[in-house]
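Just the one chain here, the form predicted on its own, laid out as structure tokens.
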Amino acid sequence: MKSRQEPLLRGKLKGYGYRITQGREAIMNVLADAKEHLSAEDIYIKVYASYPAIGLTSVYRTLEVLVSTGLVYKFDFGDGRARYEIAEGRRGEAHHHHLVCTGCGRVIDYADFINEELALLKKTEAGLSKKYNFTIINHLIQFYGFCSKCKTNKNAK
């Protein structure tokens, strides 16, 4: 079954002048259907199951293309492996930020921003745009700390 986002991704990729190969399509499908932040190796394993002609190098190259066109975000959650996510948000979700537990590596997506946070972000973006004569089109925010389980375990020691 094709993802709701897959035709949109195909159209955008074609709009940037890239061909839609079987491998690229398989990678986009995996990313569009992902329920977690996947590494290149995770993507390769999932794609290989349905398209064994793919190589890990092709996955890396395709991810570079998707990141450079802005269709996919690349994250570093501190575990030594880049993670990827569709820029539109997984499963059609709106823009979100990440809470990263430095204890267990858990990543929590959150989009239920509080009014003060939205106001601060808008003010920060406006100030940076003016100060540096820079047009901001997006931002990625990650907060690092301890989830409730790791915080409890840390306090218990």
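Counting begins at 1, following the sequence as shown. Worth saying up front: this structure is predicted, and the values here are computed from it rather than measured.
Quick note: we don't show the form predicted together with the DNA, though the next part is all about it.
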is_contact(Y60, the DNA) in the predicted bound form, heavy atom dist at most 4.5 Å: yes
Non-hydrogen atom contact I20 with the DNA in the predicted bound form at 4.5 angstroms: yes
In the predicted bound form, I108 touching the DNA (heavy atom, 4.5 Å): no
Proximity of I114 to the DNA in the predicted bound form, heavy atoms at 4.5 Å: no
4.5 Å heavy atom contact with the DNA in the predicted bound form for all of R24, A53 and R81: yes
Proximity to the DNA in the predicted bound form (heavy atom, within 4.5 Å), stretch among 29-37, 121-129, 61-69, 100-108: 61-69
